[in-house]
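This document starts with one chain, in the form predicted alone, laid out as structure tokens.
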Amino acid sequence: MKVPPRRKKNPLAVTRLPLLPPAAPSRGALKLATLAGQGRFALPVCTACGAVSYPARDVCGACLGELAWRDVADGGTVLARTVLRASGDVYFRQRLPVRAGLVGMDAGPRTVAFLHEDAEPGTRVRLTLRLDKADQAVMLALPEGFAGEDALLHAHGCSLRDRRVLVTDARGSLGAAMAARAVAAGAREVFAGEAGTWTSREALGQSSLPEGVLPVPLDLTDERSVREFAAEFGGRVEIVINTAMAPRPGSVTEGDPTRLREAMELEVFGTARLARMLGTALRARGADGDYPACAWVQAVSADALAPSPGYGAHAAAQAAALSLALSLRAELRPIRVTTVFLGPLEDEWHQDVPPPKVAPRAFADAVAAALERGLEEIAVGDVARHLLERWREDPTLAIRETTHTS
């Protein structure tokens, strides 16, 4: 089923409440959701006999052996299908009819999945794990070779196309690239936050914003500025991409503590101000039509996981910003909060840092792809990807390895 075109909302129509689908917060279900949020198709696999288990169990159902989560084949065959036209659940009652079916996975188990309209019994399909509005992992089944937009994928993602997007710091290289990428992706409106609008971009040696981007005064360190933006534009924003970051070198014990204070004011308190002013409006429109408010993207330095030598103050502020983003993930539901871990940037503040570095365009492309797939955690750049992998394996060891690098 194709994604319906965006239509002007009837001002007399009642806004649909942002209800959440039923959740099963078992440890196995939460682990499955965590991997789905990372873009992985992984299931429990028996370390003894190799049998794949689904739904997740504590031990192997075939031999009672120990289970380990591993990436598995995502192919399958539709065995049966049905269309649900009635439901006692308040969430699904608003979204009927729902296509669902039984799929025999190439990996072994059988699973119930939401089906593409062309997935008939006997059809070969590709399974994908996506997060629903309650941050639970659900199975989607698409015909093999399918590529393009579909209402099923649209409902479990947050494409930039036809959305109203706020980029908080368009004066920075990340924000400027993200604004341009949103326009290229077909965003309906792109609001580019600019602090210090009394200084022209030309005077700062920056190029002008692309056509289709609306520069707006927005200084996250100023309570009044955030409040005025929210009053004028807050009811229109559907995706927030927070690129406000000040990656300045400096240690915690040496130098001027003002840098740490300024970083906290922008990256932590500024984010909190924005969430306080926009959060309620975003959540209230989290189920409003086919193009609801849907995502909050938080750019976070990989230093938040393990501080790079010479960037201790920046790492401390980023660790606090990461903690704040994780709190927003629960508080803003059904809005998807996506954390984007960044390696060292290709900018003047990382002149003495050897490559590989992150180019602004790479960040923008990665964010657009993550929104399309409904991911909640990605890493951009080789440094960030490598550090995040090590941190997931053993956080303490990853920190020791990083902080002992001279």
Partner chain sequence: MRRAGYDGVVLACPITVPYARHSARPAPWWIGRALDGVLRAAGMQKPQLDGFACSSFTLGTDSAVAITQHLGISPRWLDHVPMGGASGLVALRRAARAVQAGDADAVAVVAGDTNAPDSFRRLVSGFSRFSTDAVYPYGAGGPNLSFALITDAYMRRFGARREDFGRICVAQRANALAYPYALQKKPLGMADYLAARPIADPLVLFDCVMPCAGAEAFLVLREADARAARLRYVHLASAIERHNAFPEDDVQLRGGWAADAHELWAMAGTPADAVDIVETYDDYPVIVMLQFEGLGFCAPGEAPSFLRGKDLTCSGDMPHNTSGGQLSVGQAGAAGGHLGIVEAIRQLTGAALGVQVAKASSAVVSGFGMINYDRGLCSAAAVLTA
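Positions refer to the first chain, counted from 1. Just so it is clear, the structure is predicted and the values come from calculations on it, not from any experiment.
The next section is about a form of this same protein that is not shown, the form predicted in complex with its partner chain.
- Of the candidates Val112, Leu214, Ala151, Ala73, Val112 is the one whose heavy atoms come within 4.5 Å of its partner chain in the predicted bound form; the others do not.
- Shown without its partner, this chain lists Val165, Met139, Ala299, Ala325 as candidates; in the predicted bound form, only Met139 has a non-hydrogen atom within 4.5 angstroms of its partner chain.
- Proximity to its partner chain in the predicted bound form holds for none of Thr47, Ala68 and Leu131, with the criterion being a heavy atom within 4.5 Å.
- For the chain shown alone, Pro22 is a contact residue for its partner chain in the predicted bound form, at least one non-hydrogen atom being within 4.5 angstroms.
- Heavy atoms of Gln94 never reach within 4.5 Å of its partner chain in the predicted bound form, leaving it off the interface.
- Taking non-hydrogen atoms only, Gly88 approaches its partner chain to within 4.5 angstroms in the predicted bound form.
- Within 4.5 Å of some heavy atom of its partner chain in the predicted bound form lies at least one heavy atom of Glu120.
- Partner proximity in the predicted bound form, defined as non-hydrogen atoms within 4.5 angstroms of its partner chain, places exactly one of 180 to 188, 285 to 293, 76 to 84, 244 to 252 at the interface: 76 to 84.
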